[in-house]
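Only one chain is included here, represented as structure tokens and corresponding to the form predicted on its own.
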């Protein structure tokens, strides 16, 4: 199993290289064809044409687009993401501060969405053929009709304003301070430093934005899992298990769920990649200092190096999630392991 998983990861890595090159080139060219001057936007009103030309030379914007791309690509291969035109700081530094927040948010939203989705799917299957199933099915349709950003606003209005139970701005209470971060992940840094007050504050700030993401995922998981269980329960091996006197709960957990989970795992992988894109609006609404907020600031100021870096990182994260899901799918599917 380990050898097969390593081979799969190696194939995914080799396929990721041309994908990343295509994405980076496409983003790079499109950004430079847009009718906006990032240098002029970053300079004060009194700047002279000489100041504009000097900064263009400093950032390499006076060269042809192919030359700019290959210079940027060469620096990227050495780990240099360039310098932000607007923030006047290294892009790597900006990304390293924002990336852990987004990964933490997506991990929490994905985990919560899977838990709610699996529990709901099992409940729908257990209540199949009853009015309760129809009610749950109708509820999931309503949940899917509301986008993530609207859930974020509703959660703020209900649990943050009308009933102020949870904070909804930032990652940490202003009164709580942490020493210089170790990993950038607040939950992990709080544990490593033994700061339980910071851990409680970070968890409280994470609930509403992660719930807004989870509500978008859970109904899809519920529906796919319920449909897979309805198909799996008709298989011959399920009938044979019943004839041997095995209880329904044991059949469901030990036999049906294991096979019915395969389509659900594929769905989670696809939706997990989409969830990174969904964080952009959610982070803005909750003033959550992650990649989404950084991207919005960069787009607003036409900060080309930051936009390029964040777009590439989003692509890397989606590819990484898909690779992880493929390995999980391989581990859960004996037939696929045998074919490999």
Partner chain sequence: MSPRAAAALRRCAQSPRVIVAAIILIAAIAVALFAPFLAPHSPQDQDLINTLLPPMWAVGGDPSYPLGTDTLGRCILSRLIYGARVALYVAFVAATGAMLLGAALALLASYFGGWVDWIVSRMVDIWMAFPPVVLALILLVGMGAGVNKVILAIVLIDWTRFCRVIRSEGIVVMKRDYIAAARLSSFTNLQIMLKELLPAVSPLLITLLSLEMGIAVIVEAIMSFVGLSVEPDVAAWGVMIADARQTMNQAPWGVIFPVFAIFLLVLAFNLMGDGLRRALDTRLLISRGAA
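Computed from a prediction, not measured in an experiment: that's the story for all the values here. Positions refer to the first chain, counted from 1.
FYI, the form predicted together with the partner chain isn't displayed, but the following is about it.
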Tell me the stretch among 137-145, 70-78, 170-178, 98-106 that has any heavy atom within 4.5 angstroms of the partner chain in the model of the complex. 137-145
Contacting member of 204, 122, 192, 150, with respect to the partner chain in the model of the complex [4.5 Å, heavy atom]: 150
Heavy atoms within 4.5 Å of the partner chain in the model of the complex: does residue 131 have any? no
Verify the contact flag for residue 23: yes if a non-hydrogen atom of it lies within 4.5 Å of a non-hydrogen atom of the partner chain in the model of the complex, no if not. yes
Partner contact for residue 59 in the model of the complex: the partner chain, 4.5 angstroms, heavy atom: no
Residue-level question: is residue 154 within 4.5 Å of the partner chain in the model of the complex, judged on heavy atoms? yes
Select from 262-291 the residues with a non-hydrogen atom within 4.5 Å of the partner chain in the model of the complex and write them out in sequence order. 270, 271, 273, 274, 276, 277, 278, 280, 281, 284, 285
